[in-house]
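Given next, in structure tokens, is a single chain: the form predicted on its own.
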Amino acid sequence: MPPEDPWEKLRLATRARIGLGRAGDAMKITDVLDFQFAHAKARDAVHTRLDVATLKAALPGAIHVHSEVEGRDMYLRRPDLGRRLSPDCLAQLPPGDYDAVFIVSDGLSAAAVMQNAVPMVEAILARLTGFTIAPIIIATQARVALGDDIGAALGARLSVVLIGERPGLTVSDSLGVYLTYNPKRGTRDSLRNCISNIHPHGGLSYQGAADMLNWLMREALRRQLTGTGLKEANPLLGAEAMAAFAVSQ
């Protein structure tokens, strides 16, 4: 009977690589190959282009805009340009009296957006009775703050940015959602709420994230704020959403 592995209980609680075995003076080849595969997936997630045509087909009426970035290399070197909407796109954004605009953004993982954005949008829209929603925006070469320019151009009271999160070596397709009240250029990150780690393999579910976002959006409009001032726990949320809400704060 093999000896008990003291690391096994910890491995059940995390996807992190802990207590890896050895083969002589080196790591086991299976662990090395697993690490290299995870690193390759993370690199692919950053550099893969968003499939705008597929997203537009799944989100009827969506409008495609882009930041001032020209190419992926510039996106990685100049995050400031990824926060600013290209002036060429302003004419595509119809201003109106909108409660919210949803902005599907590539961010640092197009894979996360292609896998998670459409079901996440569908889950939250099903909960937003009584809301006036702007046309859905698909934004490429986008950082979170690009939602400020878009929200201001549309006249939306809330911008909701769904964006591919920075890939790691355990998850390369995790979606984040950033909520901002009264979006405008120069908004500080402390004035946003974030729901992170949305994905179907061990992350926050679409339903749990939508429950949380629904509550945050309604409270944001009622209190006329987002960010550090909007962090009270909602007793109506399920345990899954509440646990993730605590982590995201």
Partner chain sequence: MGNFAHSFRGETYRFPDLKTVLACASGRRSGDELAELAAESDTQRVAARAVLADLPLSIFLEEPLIPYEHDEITRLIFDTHDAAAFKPVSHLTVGGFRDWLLSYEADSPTLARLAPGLTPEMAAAASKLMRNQDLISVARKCHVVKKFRNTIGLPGRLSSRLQPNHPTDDLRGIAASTLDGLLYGTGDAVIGINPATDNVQNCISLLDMLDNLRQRYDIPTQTCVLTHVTNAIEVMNAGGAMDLVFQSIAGSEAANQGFGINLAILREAQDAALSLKRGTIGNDVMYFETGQGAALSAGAHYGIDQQTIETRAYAVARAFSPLLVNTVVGFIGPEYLYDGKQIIRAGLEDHFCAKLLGVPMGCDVCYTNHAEADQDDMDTLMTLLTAAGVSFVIAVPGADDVMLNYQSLSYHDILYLRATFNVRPAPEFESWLEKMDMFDAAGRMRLPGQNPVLKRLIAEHRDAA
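Positions refer to the first chain, counted from 1. Basically, rigid core = biggest C-alpha set you can superpose within 1.5 Å across the two forms. Since we're looking at a predicted model, the values are computed, not measured.
Beyond the structure shown, there is the form predicted together with its partner chain, which is absent from this document and is the topic of what follows.
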- Exactly one of Glu122, Asp88, Asp73, Asp97 comes within 4.5 Å of its partner chain in the model of the complex through a heavy atom, and that residue is Asp73
- With the partner left out of view, is Phe35 within 4.5 angstroms of its partner chain in the model of the complex by any non-hydrogen atom? yes
- Should Gly168 be counted as a contact of its partner chain in the model of the complex, where contact means heavy atoms within 4.5 Å? yes
- in the model of the complex, does Arg78 have a heavy atom within 4.5 Å of its partner chain? yes
- Query: Heavy atom to heavy atom, is Ala53 within 4.5 Å of its partner chain in the model of the complex?
  - Reply: no
- Contact segment among 219-227, 35-43, 180-188, 203-211, judged by heavy atoms lying within 4.5 Å of its partner chain in the model of the complex: 35-43
- Pull the contact list for 19-46: residues with a heavy atom within 4.5 Å of its partner chain in the model of the complex, in sequence order. Gly19, Leu20, Gly21, Arg22, Gly24, Asp25, Ala26, Met27, Phe35, His39, Ala42, Arg43, Val46
- Query: Can we say the CA of Ala53 moves by at least 2 Å between this form and the one not shown when the core is superposed?
  - Reply: no
- Item | Core-aligned C-alpha movement of Lys28 between this form and the one not shown, 2 Å or more | yes
